[in-house]
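Only one chain comes next, encoded as structure tokens, the form predicted on its own.
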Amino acid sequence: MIGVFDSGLGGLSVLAAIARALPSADLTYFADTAHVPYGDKHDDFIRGRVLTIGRHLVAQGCRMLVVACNTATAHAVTELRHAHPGIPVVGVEPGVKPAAQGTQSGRIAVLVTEATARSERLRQLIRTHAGHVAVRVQPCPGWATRVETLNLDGAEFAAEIRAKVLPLLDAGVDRIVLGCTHYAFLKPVLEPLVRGHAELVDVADAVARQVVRLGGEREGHAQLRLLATARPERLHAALAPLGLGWLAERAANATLVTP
């Protein structure tokens, strides 16, 4: 069993990539919806939730953990690995490295939550992989909440996205990193805006490949368990609107849990 977790719906983009890469694997998805989003939470709170969820998933029989949240990875993946030394732990980090390698203009941008923007882990990623290019880190408050509420369109939000992205394009950015798993579900809005000027960089498929490399189970019953700490019915109901109806066919209704 592979355990995948996020504060809410964003990690479903990573779950989908893993399910495509390992179609027979048994998967558990844990949405900490009682505390979504993590992006505006204090660092210690995020760390505590990650460790608590990790313990719960291991107790439920998960033999691999995927932190399908950039904010949670940035603040707690090291501690989670220390807490479970015998279990592979895969984190999700902004695709700074592929963006820096692929840029033609020498300018990239990273769209992130407020918590990820202030994290040392992001600064280290940039120092390690993008020291030779100009990097603009753009916090996007409220975007994860938009995804959580499935409020993905509308003139007001479209104007908000343009206000964040157009200055990046004007500055010559040609790679824009989606530094929050929630933002993968904003591609229908972002792609027309950047087309011809920049490419979006998402790491969900790269995370799935890492799960495979680390021995994610290839054989199972293709079961999918959905767990949520609040409003579990909304987790299952969100799959189809997010373009993941095929996952809904594998899962029963989500279960409420309170770790």
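Don't overthink the numbering: it's just position in the shown sequence, from 1. Please read all numbers here as calculations on a predicted model, not as lab measurements.
The same protein has a further form, the form predicted in complex with ligand DGL, not shown here; the description that follows concerns it.
Heavy atoms within 4.5 Å of ligand DGL in the model of the complex map, among the stretches 211 to 219, 66 to 74, 226 to 234, 187 to 195, onto 66 to 74 alone. Put simply, of Leu27, Val207, Val36, Val201 only one has a heavy atom within 4.5 Å of ligand DGL in the model of the complex, and it is Val36. Proximity of Val110 to ligand DGL in the model of the complex: non-hydrogen atoms within 4.5 Å are absent; the residue sits far from the partner.
Contact check for Ala144: a non-hydrogen atom falls within 4.5 Å of ligand DGL in the model of the complex. Under a 4.5 angstroms non-hydrogen atom cutoff, ligand DGL in the model of the complex has Cys180 among its neighbouring residues.
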